[in-house]
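The chain below stands alone and is given in C-alpha cells; this is the form predicted alone.
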C-alpha cells in the first residue's frame, strides 16, 4: 500500500537490534515540539508493546498542550533531572535520536553524554544535512515530519498490528503539528494513506486537533492580540512578529503560548514570508520561526542568516544577540532575498 521509502537494509538492521537488545532510550531536540514529542512517544509505545524497557528523555520541557499524549507524564527532562537522565543514557543498549540531525540540537551538556554513550544509535529525522554520529541513519528530507518516518519504520517492519491507539495518536499529532494542520509540506498522496491507516487504529483526528489547538488560556489570546498590534509589514511582502521577555511576563506566558503565531500573517494578501522573533532568556538567544508560501525558500534564509534550516515553507533558527540586532539581521536577509519575495 505504501512505497518502501526507508532502505530495507536499515529496517532489517534495526529489527536485528530488537532481537538483541532490551533497553532503549529515545531523545528529542531542545525545545521539543509536537513532532519531536509525538514521534518519540509513538515509537516508545511500540517498543513497550514489544516488551522493551523504554525511557523518553527531552533536553527541556515541551508545550503544555502536548501533555495529554499517552506517556508524556513519564518523560525525563535533562535540564531538571540531569543525573537520572544521564544514568539512563549511559545504561541504554540502544539510543533512538528523533527529529534532530546533529548533536548540537540537544544542547551542549546532553550532547556530550550522548556522544560518550557506547549504545547502538539510530537517527530518525527529516531535516537537511544529517550528521554521521549514528550507526543507522534514517533521514529523508522529503517527508514533512519525523512522525511519518516512525510510522514507515513500523510499517516496513510489519508491525502495524502491534501499534496501539495511543501510538497512533502520538504519530498523528506529530504529523499534524509539523504541517500546520496539513496546510504546508503536506501535498503528497501517501501522507493521506498513512492518515487512513492511523484512523484504522481508532484515533479521533478532530478531537486531537481540539486538544492541541483549542485548550489555550485567556492570557494567550490577549498575548496574540498584543503581538499582532506590534506586527511590522515590509514592502517586500514579508511580515515580522516579535515577542520580548518583558511582554511574556506581562501576559503570564507559559511554554507553547506562542505556538502558531508565525502562521497568522500568511493570511494577509500578498504576504510571501512571515518571521517570528521571540526572546528566550533561559537559552540566552532569540528563537527564529519562518513560514512561507509558494516557492519562497525560507529554509535557505534560516540557514544563511539564523544558523537554522528546515523545509522550504517551514523552518527555524536562532540568533545570539539582542532582539534589535536580530531584526537588523532579518532586514539584511530581506535585502538578499528580495528578488524571490514578490507575491
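Predicted model only: the values in this text are computed from it and were never measured. Numbering follows the first chain given and starts at 1.
The form predicted in complex with ligand 5GP is left out here; the points below concern that form.
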Quiz prompt | ligand 5GP: the contacting residue among 152, 105, 120, 220 in the predicted complex [heavy atom, 4.5 Å] | solution = 105
Quiz item: So which of 57, 314, 69, 47 gets a non-hydrogen atom within 4.5 Å of ligand 5GP in the predicted complex?
Solution: 314
Quiz item: Want to guess which of 331 to 339, 20 to 28, 5 to 13, 317 to 325 is within 4.5 Å of ligand 5GP in the predicted complex, heavy atoms only?
Solution: 317 to 325
Exercise. Flag residue 287 as yes or no: does it have a non-hydrogen atom within 4.5 angstroms of any non-hydrogen atom of ligand 5GP in the predicted complex?
Key: yes
Quiz prompt | Residue contact check: residue 279 to ligand 5GP in the predicted complex, 4.5 Å heavy atom | solution = no
Quiz item: Taking ligand 5GP in the predicted complex, which residues along 111 to 144 bring a heavy atom to within 4.5 Å of it?
Solution: 127
